[in-house]
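As a starting point, one isolated chain is supplied in structure tokens, in the form predicted on its own.
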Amino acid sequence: MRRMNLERQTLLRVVVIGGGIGGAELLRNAATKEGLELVLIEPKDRIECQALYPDYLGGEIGIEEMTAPLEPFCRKMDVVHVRDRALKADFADKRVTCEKNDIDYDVLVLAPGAVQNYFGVEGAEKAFAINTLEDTVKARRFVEKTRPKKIAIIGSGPTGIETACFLADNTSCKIFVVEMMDRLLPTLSRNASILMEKILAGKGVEVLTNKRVESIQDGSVTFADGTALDCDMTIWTAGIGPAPLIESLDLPKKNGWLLADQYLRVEGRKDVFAIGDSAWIEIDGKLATKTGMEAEIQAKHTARNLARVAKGDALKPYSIRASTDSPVALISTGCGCAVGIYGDLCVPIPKRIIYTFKSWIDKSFVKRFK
């Protein structure tokens, strides 16, 4: 292990762990502020737009359309990119320990994202997933090479729904969507569930609700009620959990997520911020959703607050935009269409307009880093 030889400057050194949507957007905005020295710890060499993984799985876009190389972006933003994996943090000495380096910080921003959560289901980790670019590429290659006849998608959140729609439109597979709750999109409104069930039915997708997965084997999925579903491929999209780094940190948490205050600092720590999927952000009775849109807004707000820290000014509290009691979602439904959801409202405008808007948002996110 060696101490990273980063020359100290008379600037506030901000070390960001995680180069996903939250971390990258924070750096892009913080680079325009004075008084900050920016360091990114990220083992990957690309920024990835997870919202486009289902599009890629369905064969509608290529890798270059949903990723941007990190090195050119970091050089342009005058950010030091430490291509390493963070293992732990010493909050007393204000140091991050990585696989190869030790890096000191003045302020630490935790944005490592989340990992797939298999909830202890036997064999689930052997299913295909689309939570990372590597997993998604592996799943697409399997579809193209083996041409499965039956695909079971476990989980009916937005990712599961989009995956089902793109596969139904671009393959000849029989698609099944399996949901443990009594309706599709259980975290969204019943209006959204009803609309999406109609859309899936029109594509020939079979929906199985009230089905808790007991185990996954090669060629089948077994349910808690004793029934089973034969399939050639299983794709797991049923939830996320905290990244291993977050689990290892001795910091205040709620349900495993870092507990953030109204300024998006970790509770009780003035020099540690948490944004994106890694954080539990609950302000004025509202709980922030774990979405790309919410992560971007949190990143921009934190960048402004970091500039205030550098100047010695008071921080400004964060205001949640997309909360769990009034969620916002744009869900692609294939064939150049999408559905817009805001709380109980399913936006009643032509679906192609919504898809165009969603596609522009997702692809513009990638383009801003190129």
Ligand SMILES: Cc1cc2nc3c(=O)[nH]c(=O)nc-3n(C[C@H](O)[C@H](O)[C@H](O)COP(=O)(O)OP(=O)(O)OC[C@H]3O[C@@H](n4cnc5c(N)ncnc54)[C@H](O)[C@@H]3O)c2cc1C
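Quick note: we count residues from 1 along the sequence shown, nothing fancier. Fair warning: this is a prediction, and the values are worked out from it, not measured in the lab.
Note that the form predicted together with the named molecule isn't included here; everything after this is about it.
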Answer option from 67, 29, 50, 305, heavy atom within 4.5 Å of the named molecule in the model of the complex = 50
query = Closest heavy atom of residue 175 to the named molecule in the model of the complex, within 4.5 Å or not?
reply = no
inquiry  = Considering non-hydrogen atoms and a 4.5 Å limit, does the named molecule approach residue 13 in the model of the complex?
reply    = no
query = Even though the named molecule is not shown here, does residue 179 get within 4.5 Å of it in the model of the complex, heavy atoms only?
reply = no
inquiry  = So, residue 59 and the named molecule: in the model of the complex, are they within 4.5 Å at any heavy atom pair?
reply    = no
Segment assignment from 112-120, 187-195, 164-172, 204-212: heavy atom within 4.5 Å of the named molecule in the model of the complex = 112-120
note = Contact check, 11-43 vs the named molecule in the model of the complex, heavy atom within 4.5 Å, ordered by sequence, gives 17, 18, 19, 20, 21, 22, 23, 41, 42, 43
